[in-house]
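Take a look at this single chain in structure tokens; it is the form predicted on its own.
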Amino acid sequence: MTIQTVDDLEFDIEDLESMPPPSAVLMTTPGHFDVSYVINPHMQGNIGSIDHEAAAEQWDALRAVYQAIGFDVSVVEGAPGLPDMVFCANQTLPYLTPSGDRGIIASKMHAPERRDEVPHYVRFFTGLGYENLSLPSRVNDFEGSGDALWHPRRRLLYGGYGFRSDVRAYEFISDKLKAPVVLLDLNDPDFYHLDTCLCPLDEETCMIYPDAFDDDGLDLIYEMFDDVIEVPEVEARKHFATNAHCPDERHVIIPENCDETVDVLTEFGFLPIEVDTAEFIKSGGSVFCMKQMYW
């Protein structure tokens, strides 16, 4: 089942099957990270600008944060010639079936420059015993957990489309994973992945940059979450506030320079942890993009 408008909804969140949250973190080493081409607006003007020593320090600090709040972090080595492989949310969508079996849906990357990243993650997950579920040939593009986000603790997905993922992917995904998908049409190229403009925090709360969505998308988000935190434009567009990550429904790992958002998160009872991801933002990604969660 896919849902495009509030009128399509045939359930309440509490009616959906519960699902345990993922408990493990995957990251990819940044040794080959760079801005070598332009495939999103944030890369424009940044080719060759990466301070590699600073990027390595920022990556190490992010890994240390996950470890400090109690997560095991597995690491896949980055590969030569794949400068965006460090953004490891994009190449797969991990899932857990109602019976507890684990699997992934392997991505079909929109940009040719990124397509060779996918096999590295398929090998990682199949090595752990995950089923690899391939998308049908009719689906042109799908970028994993960059565009498909699980609702915390519920068997429900949010599916972004318009820039990097083909809307036709979600009928297949919904059918195979036995999970409804709320479709969200993205309309601002700065927010080319759903994870750049929607950040689920817990079952009731999320952060959004509202102008990245059309009216139907906004209505659906407000219907699905009791509390919706709207992030200021400069903090979302420039500092990637909505590419934060809340791995445990308590701590929110968020890029630096998002002071207004940090204040609101604190008022809501969350514990923000600010991290420097400035080198990675030059390539159009930050905290959420730099990890993959799995079971």
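For every residue, the number given is its place in the sequence shown, counted from 1. Everything quoted here is computed from the prediction, not taken from an experiment.
In what follows, reference is made to the form predicted in complex with a small molecule, a form of this protein that is not presented.
- Checked against the small molecule in the predicted bound form, the candidates 95, 192, 170, 209 yield a single residue with a heavy atom inside 4.5 Å, and that residue is 192.
- The partner is absent here; in the predicted bound form, the one residue of 43, 264, 61, 234 having a heavy atom within 4.5 Å of the small molecule is 43.
- For residue 283, a non-hydrogen atom is located within 4.5 Å of the small molecule in the predicted bound form, even though that partner is not displayed.
- Heavy atoms of residue 121 never reach within 4.5 Å of the small molecule in the predicted bound form, leaving it off the interface.
- In the predicted bound form, residue 289 approaches the small molecule with a heavy atom inside 4.5 Å.
- Interface residue remark: residue 50 is not counted as part of the site for the small molecule in the predicted bound form, having no heavy atom within 4.5 Å.
- Picking from 209 to 217, 132 to 140, 192 to 200, 71 to 79 the stretch near the small molecule in the predicted bound form, with a 4.5 Å limit on heavy atoms, gives 192 to 200.
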